[in-house]
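Shown here is one chain on its own, the form predicted alone, set out as structure tokens.
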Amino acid sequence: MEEKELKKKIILDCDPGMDDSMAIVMAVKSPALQVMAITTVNGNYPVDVTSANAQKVLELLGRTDIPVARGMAEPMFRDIPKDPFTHGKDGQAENFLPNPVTPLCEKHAVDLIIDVIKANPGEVYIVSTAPMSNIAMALKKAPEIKGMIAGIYAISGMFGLNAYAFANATGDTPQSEWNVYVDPEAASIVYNSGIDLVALGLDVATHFDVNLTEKDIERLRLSDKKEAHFLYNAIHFVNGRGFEAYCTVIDCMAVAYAIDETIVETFEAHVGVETKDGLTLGNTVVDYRHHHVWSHLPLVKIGKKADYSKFLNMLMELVLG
């Protein structure tokens, strides 16, 4: 059997963003994954910026054979919220990569998702590191693809499993996660789709154990890899603003899980997405009760605990390799 046939096929739906940029690096460089397409969406920055940033990373890696398709410019029903966290003037921790010269895919991201799934039924996983607007619209436009998607691995939600989930909430309500908060209606559509969904929330993705050592950071500095210097600069960018290094690689957790599912321990629970305006907009509400559980809520796999040492070793090997 050829090596290519052993690779897990993925679509990476993202909104680069420095951590999405590093997720692209991990996915493209992993021998375990075959990146079929990168689709971009409004999220950390407007979609024109996120699209250009995805192209910049692929050009840095010399992988312009992977199509980048521009997607939804705004949430399905809402205005675009302002992100309280900044990824810098360029959206990439002020690495200021060269402007891309490779053209975007002629297809809209929603259509590219549909076409790739239909061409590879049952084989393609979607790695979602952004608001789920593109994915939800694809399911609305072509509901027949629901049974053709192998699964979705998403940086999505805040489930209250530890202190970090609360302390590092990234949405603009007190206990929400940014990707869900930006387009809660889209998240609700995907959560309720019946597709196997693994939600890697802030409980595992923003844990302070996701932190590189000074030795690791020095290895990045000394590397001749452009992607290593990107991460090195990003770490100094967030450190200079009072944040920990985990901010630079949050979205990498979904790619790492796609490569090796043993990195994160999960459990199943019924989850609802709050779509009403107010204090809890964008919350992912888990029914933890022993009795009277709302079983009509979708059953989702939730990230409970991660092997951070294994994750960081994988990250370093792929970035430096």
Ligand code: BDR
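One rule holds for the numbers: they count along the sequence shown, beginning at 1. On a predicted model such as this, the values are computed, not experimentally measured, just so you know.
The following text describes the form predicted together with ligand BDR, which does not appear among the structures shown.
Novice: Choose from 249-257, 29-37, 279-287, 57-65 the stretch whose residues reach within 4.5 Å of ligand BDR in the model of the complex, heavy atoms counted.
Specialist: The contacting stretch is 249-257.
Novice: Please tell me which of Leu202, Met72, Ala138, Ile235 lies within 4.5 Å of ligand BDR in the model of the complex, judged by heavy atoms.
Specialist: The residue in contact is Leu202.
Novice: Give me the residue from Trp178, Phe159, Tyr153, Tyr191 that has a heavy atom within 4.5 Å of ligand BDR in the model of the complex.
Specialist: The residue from Trp178, Phe159, Tyr153, Tyr191 that makes the contact is Trp178.
Novice: Would you check, heavy atoms only and a 4.5 Å threshold, whether Thr129 touches ligand BDR in the model of the complex?
Specialist: Contact with ligand BDR, yes.
Novice: With heavy atoms only and a cut-off of 4.5 Å, decide whether Asn95 touches ligand BDR in the model of the complex.
Specialist: Heavy-atom contact with ligand BDR at 4.5 Å: absent for Asn95.
Novice: Classify Asn44 as contacting or not contacting ligand BDR in the model of the complex by the rule of any non-hydrogen atom within 4.5 angstroms, answering yes or no.
Specialist: Looking in the model of the complex, residue contacts with ligand BDR include Asn44, since a heavy atom lies within 4.5 Å.
Novice: For 12-45: residues with a non-hydrogen atom within 4.5 angstroms of ligand BDR in the model of the complex?
Specialist: Asp15, Asp19, Asp20, Asn44, in sequence order.
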